[in-house]
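Next up: just one chain, as structure tokens, the form predicted on its own.
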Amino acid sequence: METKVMASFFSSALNEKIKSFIGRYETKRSSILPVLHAVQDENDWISQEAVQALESEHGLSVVDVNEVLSFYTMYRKNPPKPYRLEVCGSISCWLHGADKTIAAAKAHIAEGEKNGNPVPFECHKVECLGVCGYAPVALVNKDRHLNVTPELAIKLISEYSKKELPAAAKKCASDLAARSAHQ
């Protein structure tokens, strides 16, 4: 009797990473944080289909994974824009004008949307990024930027908007287009 091999939801490289994370811990449940980071790094977000695949392909409980997803804000549960400006809002950054930086960035993004020039950015306040001596600190995706004034935030948005989209963002857009075509 011939057994049918089902295609994996994840790439072979990601499957290997997931297996390696699961193998490092005493229990599968303990591997959820790094596994979710790996899934998000490849797909730019974590869909419920990915959560289901983690259970069916790797034995990670949907309930356990969803508990982690609902607790930690660093995991994206909806498709994001290609670039995310995340500005630290902790005390040091706040005292050095993080709120003004966030407001300026959001206004710049909204202005682009209003004028029919969509900006591939979203802006969020996040908790401590651990570089308090260079406040305010921000990330553009995973790139760290120091002493981010409102003017620098707008400059970063403009510069990153001209770059080629990150691989994960392209994959995310492609996956979403494929889903729309099948619905």
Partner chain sequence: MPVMNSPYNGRQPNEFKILTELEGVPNSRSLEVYKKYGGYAALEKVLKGGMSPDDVINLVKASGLRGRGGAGFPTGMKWGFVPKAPGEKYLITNFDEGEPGTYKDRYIAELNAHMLIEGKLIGAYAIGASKSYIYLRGEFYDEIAWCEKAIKEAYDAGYLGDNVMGTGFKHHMDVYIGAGAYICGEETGLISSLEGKKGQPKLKPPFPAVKGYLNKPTIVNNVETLAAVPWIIRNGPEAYKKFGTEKSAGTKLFNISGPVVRPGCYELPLGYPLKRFIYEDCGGLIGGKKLKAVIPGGASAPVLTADEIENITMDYEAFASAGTMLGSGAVIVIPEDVSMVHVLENLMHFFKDESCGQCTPCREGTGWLLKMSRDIVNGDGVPGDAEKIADVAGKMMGRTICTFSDAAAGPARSIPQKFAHEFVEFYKTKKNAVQAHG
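Predicted model, so just to flag it, every value in this text is computed and none were measured. Residue numbers count along the first chain shown, from 1.
From this point on, the text means the form predicted in complex with its partner chain, which you will not see here.
Proximity to its partner chain in the predicted complex, defined as a heavy atom within 4.5 Å, singles out one entry of Thr149, Ser158, Gln52, Asn141, which is Asn141. Only one of Glu57, Glu42, Glu122, Glu127 comes within 4.5 Å of its partner chain in the predicted complex through a heavy atom, and that residue is Glu127. Judged by heavy atoms within 4.5 Å of its partner chain in the predicted complex, the contact stretch among the candidates 60 to 68, 150 to 158, 44 to 52, 111 to 119 is 60 to 68. Contact annotation for Tyr25: at least one heavy atom lies within 4.5 Å of its partner chain in the predicted complex. Put simply, Lys100 is close to its partner chain in the predicted complex: some heavy atom of it is within 4.5 Å. Interface residue remark: Ile32 is counted as part of the site for its partner chain in the predicted complex, having a heavy atom within 4.5 Å. Among residues of the shown chain, Lys106 is not one whose heavy atoms approach its partner chain to within 4.5 Å in the predicted complex. With contact defined as any non-hydrogen atom lying within 4.5 angstroms of its partner chain in the predicted complex, the contacting residues in 58 to 90 are Glu67, Val68, Phe71, Tyr72, Thr73, Met74, Tyr75, Gly89, Ser90, given in sequence order.
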